[in-house]
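Heads up, the chain below is alone and in the form predicted alone; it's given as structure tokens.
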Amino acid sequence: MNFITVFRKEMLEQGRTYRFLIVAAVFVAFGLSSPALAKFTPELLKAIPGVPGGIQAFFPTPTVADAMGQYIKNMSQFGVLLALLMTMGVVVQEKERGTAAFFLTRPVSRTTFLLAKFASMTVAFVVSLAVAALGCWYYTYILFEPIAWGPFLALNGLMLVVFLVYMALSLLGSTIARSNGIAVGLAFLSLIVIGGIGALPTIGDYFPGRLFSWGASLVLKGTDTAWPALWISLGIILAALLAACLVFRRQEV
């Protein structure tokens, strides 16, 4: 059974378990709402009864930068959580139910089994993020002004790389774990470690979280770059997938 056949099976599983629908719904909701939140939140605050007029003067007029900041904030928080939640059980649950052992009795390599799962989740995130980005771009155009497509696509591509980092680490944790509880713990441990190190000065410039600020700089015509963070992020993805395949080859399922 080749990779394409296993990949199709995983895509069908995405539909049956509603993973694809959940990712798409969350991404599209935040993609559409982010420009609106940036536009109307100051107006809503000004409309609160009892707010002195002097304080209202401090509410700045929202701009494209606010819309992009809201979009990046929402997607960075909920996109990373989705990457962990949607991936952390994909292997360990099949091991617990015994379906992995049944499936691997067919002519399917364990590497193909894992990579097909990762590829199907990647497709779900790519499609969902593309629709969310289209909605965000359109509402930013309506409520503010048009933004250049090239930098905006680059921003979303960089965000996707960050999501893939956490998906790969979560897949590794799900492969290592013998129970769903352990897989959950390992997934969120990766979030704490990567996020904690990324918050450190200087060192954080080389970690995935740095890609969000680079993407924002691209859209807002800044000069900020973070090539080392991109290469290290891609390296983490490859290393996590390789480690997952090596661990899975040696496991009894």
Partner chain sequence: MSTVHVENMTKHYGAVHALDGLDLDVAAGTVYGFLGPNGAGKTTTLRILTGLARPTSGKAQVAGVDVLHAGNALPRKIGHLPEEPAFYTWMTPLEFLDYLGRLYGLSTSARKSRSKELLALVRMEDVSKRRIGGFSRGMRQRLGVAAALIHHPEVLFLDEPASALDPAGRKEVLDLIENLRGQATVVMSTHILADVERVCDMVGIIAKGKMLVQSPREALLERYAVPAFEVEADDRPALANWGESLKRLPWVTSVTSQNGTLRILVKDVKTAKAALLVGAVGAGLVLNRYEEIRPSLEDVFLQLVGSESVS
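Positions refer to the first chain, counted from 1. Note that the structure is a prediction, hence the values are computed from the model and not measured.
The form predicted in complex with its partner chain is left out here; the points below concern that form.
Task: The single option of A177, V161, V80, V108 touching its partner chain in the predicted bound form, heavy atom within 4.5 Å - done: The residue from A177, V161, V80, V108 that makes the contact is V108.
Open item on the list: Counting only non-hydrogen atoms and a 4.5 Å threshold, tell me whether R8, R16 and F102 all contact its partner chain in the predicted bound form.
Closed with: Yes, all three are in contact.
Task: Stretch in contact, per heavy atom within 4.5 angstroms of its partner chain in the predicted bound form, of 162-170, 69-77, 94-102, 122-130 - done: Going by heavy atoms within 4.5 Å, the stretch is 94-102.
- [ ] Using a 4.5 Å heavy atom cut-off, state whether V253 contacts its partner chain in the predicted bound form.
- [x] So V253 counts as contacting its partner chain.
TODO: Verify the contact flag for L12: yes if a non-hydrogen atom of it lies within 4.5 Å of a non-hydrogen atom of its partner chain in the predicted bound form, no if not.
DONE: Yes.
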